[in-house]
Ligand SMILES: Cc1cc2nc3c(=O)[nH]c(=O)nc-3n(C[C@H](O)[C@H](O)[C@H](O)COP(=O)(O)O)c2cc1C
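First, one chain by itself in structure tokens, the form predicted alone.
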């Protein structure tokens, strides 16, 4: 197993890198590792409500940059940019996506599927009150942040920098992606974006609250 100090070192290494070394590119093997750590991430009911759109087309990056105030330095210089897409109506109980997923991917028995047909609608209707399209989309987005964190940590463990990006107009960014058919006629929405590469500037000092400020034991 990896040493605990190596993990803490990676967390201390990681920061929101605003500008990358445009001349340095992440190897296919290393970026495949980062993507695999995202693919293996957990999701509610195991339904994986995500798609990872790797944006290497610099023209598309520039169009996204024009509507992303938080990506001005990152998009032109990053080795790789990922737009994390979240499923919308696919996540509703009884959707073609979830029905196929239970059988094709999860390989659940018919008995297991019958149990899901009880608990999954209950989860939507009363447990989490996912009673509007926006609530369902936001729930899917929340799960994608698990993926985002895992991919950034995986990158840090192998010495690769990253920056999560929420500083964008969702409506305008989705319009850009929609023009290329990348949201599949509204089946997906844009949850968050991230840039990966290698830093050019020294890392700023990391500031965090103390353990006694963020942890309560009962």
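Note that the coordinates shown come from a computational prediction; the quantities given were computed from them, not determined experimentally. Numbering follows the first chain given and starts at 1.
Below: the form predicted together with this ligand, not depicted.
A heavy atom within 4.5 Å of this ligand in the model of the complex is found for one listed residue only; from 26, 165, 176, 183, this is 165.
Proximity of residue 16 to this ligand in the model of the complex falls within the 4.5 Å heavy atom cutoff. Residue contact check for residue 97: none of its heavy atoms lie within 4.5 Å of this ligand in the model of the complex. When contacts are judged by a 4.5 Å heavy atom cut-off, residue 139 does not count as touching this ligand in the model of the complex. Although the partner is absent here, residue 145 sits close enough that one of its heavy atoms falls within 4.5 Å of this ligand in the model of the complex. You can rule out all but one of 131-139, 104-112, 118-126, 69-77: in the model of the complex, only 69-77 has residues with a heavy atom within 4.5 Å of this ligand. Contact residues in stretch 188-209 (any heavy atom within 4.5 Å of this ligand, taken in the model of the complex) are 206, 208.
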